[in-house]
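Just one chain follows, in the form predicted on its own, and it is written as structure tokens.
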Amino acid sequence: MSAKQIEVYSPASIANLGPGFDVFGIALDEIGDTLRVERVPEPGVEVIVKGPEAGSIPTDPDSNSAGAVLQHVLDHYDDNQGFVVEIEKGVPPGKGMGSSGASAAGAAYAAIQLLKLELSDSEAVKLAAQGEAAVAGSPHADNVSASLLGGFVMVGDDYDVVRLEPPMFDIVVVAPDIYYENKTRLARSLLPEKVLLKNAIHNVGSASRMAAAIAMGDVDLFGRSISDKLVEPRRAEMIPGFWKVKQAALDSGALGCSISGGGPSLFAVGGDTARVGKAMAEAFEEAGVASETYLTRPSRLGARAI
């Protein structure tokens, strides 16, 4: 490939992971977007989206996460040329698997490589987060940092990201066939303004144990630490049959189960994930909702040229 063009793979991700709201994220293996980004002499950004659900994704660069990142690059680094980005969607949009984050991270990686920008990890994550701001209204960085850097990430103030190498373990994500307009904005609108101190303490404890589990390579402790008393009870309202689906996961051997990102998908860790996923899908079916099951693992690799 020429220096004016690059092809990038950017993995899906799960954010929050139960107790780690807006802090934790983990990249997923074998689920991701492919972006082809080209520098062109005409100013501005052209976005082309391909894939089974391409029609649901805007191509206006101001409202497309990859387009917004590339426009930000032009505005701040080089406005003499433009970009054409072709996105082959592999991450299902609107399901809580970091679809917009994967595209934004891929676009940020592509721009950094094409323009040879010398950015720190924090600066690169901040750039990618501009894509989330375009589609969700705020530049949250849990999904984009996981997709950009790979592994398990913890996002701090000013995009200071701590990355840990995760152990390998099976994850099942079950995505119900429901769609919400502006899903991320809706999910964030359900967040409580005040929380009980005992619930905050519970989440701090669970999140601390989860981070320790990744550092120690203790998969069982990681699964048992997936417990959220702050956000999950509110967002459960937007997912038909949520509590029965979660219980089905636990009854079939999962160590932990919670909402994947902003939903409506659920993820589970532990046990025979194929069996767990089947039980979750059956519980969704009992609630009158079809679903699709994804069997995956953590990805230690983030966005990269292919």
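The structure displayed is predicted, hence computed values, not measured ones. Residue indices: 1-based, along the sequence shown.
From this point on, the text means the form predicted in complex with a small molecule, which you will not see here.
Checked against the small molecule in the predicted complex, the residues 71, 184, 130, 225 give one hit for a heavy atom within 4.5 Å, which is 184.
None of 50-58, 236-244, 271-279, 256-264 except one has non-hydrogen atoms within 4.5 angstroms of the small molecule in the predicted complex; the exception is 256-264. Among heavy atoms of residue 15, some come within 4.5 Å of the small molecule in the predicted complex. Although the partner is absent here, residue 202 sits far enough away that none of its heavy atoms falls within 4.5 Å of the small molecule in the predicted complex.
The small molecule is not shown here, but in the predicted complex it comes within 4.5 Å of a heavy atom of residue 22.
Contact check for residue 103: no non-hydrogen atom falls within 4.5 Å of the small molecule in the predicted complex.
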